[in-house]
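Just the one chain here, the form predicted alone, laid out as structure tokens.
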């Protein structure tokens, strides 16, 4: 066991998870002196009819709800400006974000604006030094861990501040059931990537390990059941909780290669971030273990349990984890018919070079462009980096 000389850990988020978790939102808002929330979601989530479960939680509260379902595929400044005007004229005092991705990014961006002024969205996120307005994140079957994180992606801008993390995360089985195994696989791969890179990164600490370990263990026990039966309440609830835990660990670590490359591939609209991370995961973890001093063995206990961990010789633990990740990728791809390599989805190698270049230019990790390209090429061909 390595005890760090110094570390920081910050997770101000309260979590309500389980049956009827939604019903506690009015009480939680009242405790934050908020009585006029705005629900923010997208049309896809709204069309599924699950917003009614959120609204029913307020039926006897006397609280007036506003609803905005106009969030697009990505968060943008113009939408946030429109919402800012509604906030001013209707006296809204808190936000309930129902969904993931752009929904949470929009909610966080609006929170920056209404807690200060719209011009703050043009500033460096380091200027966010105080608590914002009450923010509740209600997870759905699309959730992947970014919801609980300290990050917001608005247009080409990335904001980073612990004050962007929600005050409350709600995980209710009525909200998190997914309509497809494909969606479960995509979000699970993001969750796994965030947890794995948080555990193995040099910036890890004992508290972030707790969240990441639990996330991986939940995935081990529940992922395949959820893929076989996407409507199963128990397994879908467990995976949503795993995404939330991984998001907290991710917020207290630094970006890893799998996350950086997967996000850039999605930004360039070559593939969804979930599928991209699913393809990259074995090769990114392998490279970081071989070249960056990562200890893949640190994932072995949550992936196999304590008894199998003890039975595995110490010098074989890194390799066993890498084999388990490849096996998991094979199982998922066989069950859901997902691509195993970038060659399978016909992404040109020239485009992968541009991805490596862009990530190397923007990353603060100090990893060189040729290292990113090594991982991308291995994921293109489907061959282990060490042959």
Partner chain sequence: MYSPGYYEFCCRVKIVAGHQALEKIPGLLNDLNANKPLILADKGVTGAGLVKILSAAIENQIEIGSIEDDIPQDSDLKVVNHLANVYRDKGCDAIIAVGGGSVMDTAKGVNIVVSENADDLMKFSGAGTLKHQLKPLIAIPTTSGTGSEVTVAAVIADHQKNKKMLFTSYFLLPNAAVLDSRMTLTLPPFFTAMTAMDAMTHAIEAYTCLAKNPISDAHAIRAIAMISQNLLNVVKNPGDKNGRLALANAATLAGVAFSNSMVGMVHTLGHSVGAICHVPHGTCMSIFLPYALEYNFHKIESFIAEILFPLGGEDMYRSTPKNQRAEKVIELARKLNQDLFDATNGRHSRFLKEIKDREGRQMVPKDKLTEIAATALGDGSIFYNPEELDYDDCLMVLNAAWEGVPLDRSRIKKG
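Numbering follows the first chain given and starts at 1. Bear in mind the structure is a predicted one, so any value in this text is a computation, not a measurement.
What comes next is about the form predicted in complex with the partner chain, which does not appear here.
For the three residues 15, 30 and 211, a heavy atom within 4.5 Å of the partner chain turns up in the predicted complex in every case.
For the chain shown alone, residue 129 is a contact residue for the partner chain in the predicted complex, at least one non-hydrogen atom being within 4.5 angstroms.
At the 4.5 Å threshold, heavy atoms of residue 116 stay clear of the partner chain in the predicted complex, well away from it. Residue contact with the partner chain in the predicted complex: residue 281 places no heavy atom within 4.5 Å of it. Mapping the unseen interface onto this chain, residue 371 falls outside it, with no heavy atom inside 4.5 Å of the partner chain in the predicted complex. Residue heavy atoms within 4.5 Å of the partner chain in the predicted complex occur in exactly one stretch of 148 to 156, 212 to 220, 100 to 108, 176 to 184, and that stretch is 212 to 220. Residues from 276 to 309 that approach the partner chain in the predicted complex with a non-hydrogen atom closer than or equal to 4.5 Å are 301, 306, 307, 309, in the order they occur in the chain.
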